[in-house]
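So this first bit is one chain, no partners, the form predicted on its own, shown in structure tokens.
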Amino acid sequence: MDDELGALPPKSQFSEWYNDLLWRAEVMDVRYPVKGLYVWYPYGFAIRKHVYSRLRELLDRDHQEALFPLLIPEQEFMKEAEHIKGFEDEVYWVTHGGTTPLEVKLALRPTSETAIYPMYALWVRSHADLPLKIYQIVNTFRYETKQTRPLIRLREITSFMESHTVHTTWDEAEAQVESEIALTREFYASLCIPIIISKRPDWDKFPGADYTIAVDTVMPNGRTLQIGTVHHLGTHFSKTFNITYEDDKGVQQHANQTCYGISERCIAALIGVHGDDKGLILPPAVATIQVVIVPILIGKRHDDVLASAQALEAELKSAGFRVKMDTRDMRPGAKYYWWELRGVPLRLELGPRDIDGGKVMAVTRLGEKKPLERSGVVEGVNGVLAGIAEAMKAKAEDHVKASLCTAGSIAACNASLNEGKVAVVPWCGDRACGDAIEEQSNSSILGTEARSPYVSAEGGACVICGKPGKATLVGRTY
């Protein structure tokens, strides 16, 4: 079917390539009749399942999963003025139950602090109850007024992981922030996605946070995509929602908190960072199908080949691989196109000659081809998949390295940005200079104190005022 639709746009035309690939590879259907809401195809939802299973696996080491309501009463939502100011233009309100006006308006959660923290105030009594570490994976709603884009800028975020933790002291909450940064590194390493971690400027931090640490990656067109955030909330919300604990001396203290989020932007990054002109390229760890077997069913050996392919499929499945055998009545080339478009990491071809030679032909989604010994096929497949992951990681890292450019002036910053790069410039930290950088470069200050082997920590003279400045990431964002 797909080969009759023509080729994908080249990835160099990233926006067109991305939008086309989502429906051709059956990830998302954008035709739902509400702007900013999209439908997961079964294949795309399976990718989501494997990605979020990995995230759950990491969180479940020391968090517990729960589920809080979607609807938030207006009086709870409006308690935290600074927080609400950050979301006031984005909230959807439920005003009726059927045809009856509600006495209290209900907000569809844009994020869940004001739904979760009234419950924490009931649950937390003593220092023995802490730390409390709970997460949920839910949908959130934000009235996005900018141009919407599937998986990137939505009105319904369908897959928002938010973790909310409670601690006795500010330092313990800070240690939790560091723990969540480490978890994020591990998560994105399994997706072969290189990340840049930095501290957002104060005017761009989460409303109500003491500080925000953000996680970005660089997409193929040079724009940065924020794919995670960790916020140290201090006692800001605990004072508003009266989350207190009795310490070991019997004194009531306000708790310190963190919150942490990753949305389906992680899947947008997965698609954008790794895909090519042929379609998706999925890391083996989260691929819906890790291995597709294509038996070459020709001539008198049809039954022989089919039986051998079925035995191969059974052996690989019993070894724990996610395997699919393709016996559809299609040309082999059409099958190859089909699975390449959908990003399956490894294709195994099996024909009469392979059977006679005790081999199976392995073709990776990266274009490498080599025979594997049939007698040691499990070990062979393990090795090939590990090699695919390493190659994907190396290629993505090379892209990020090539996308970063040190700039000592606004002119050099603009030149870098116009070439599709992310600039690293010295900035003194003053808000007026920050505003000037953003205005004169038509970009955003992403952050300082970058934690990345790709970013130099060297500062210099602020590109606006000339005072001593820290190395600061400046980029054009989604």
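Given the structure is predicted, the values throughout are model-derived calculations rather than measurements. Residues carry their position along the shown sequence, with the first being 1.
The same protein has a further form, the form predicted in complex with a small molecule, not shown here; the description that follows concerns it.
The shortest heavy atom separation between residue 362 and the small molecule in the predicted bound form exceeds 4.5 Å. When the small molecule is considered in the predicted bound form, residue 261 lines it closely, a heavy atom lying within 4.5 Å. The shortest heavy atom separation between residue 142 and the small molecule in the predicted bound form is within 4.5 Å. In the predicted bound form, residue 108 stays away from the small molecule, with no heavy atom inside 4.5 Å. Here the chain stands alone, but in the predicted bound form its contact with the small molecule, taken as any heavy atom within 4.5 Å, falls in 224-232 among 279-287, 336-344, 224-232, 351-359. Contact with the small molecule in the predicted bound form, judged by any heavy atom within 4.5 Å, is made by just one of 291, 191, 273, 154: 154. Among 76, 313, 326, 162, the residue placing a heavy atom within 4.5 Å of the small molecule in the predicted bound form is 162.
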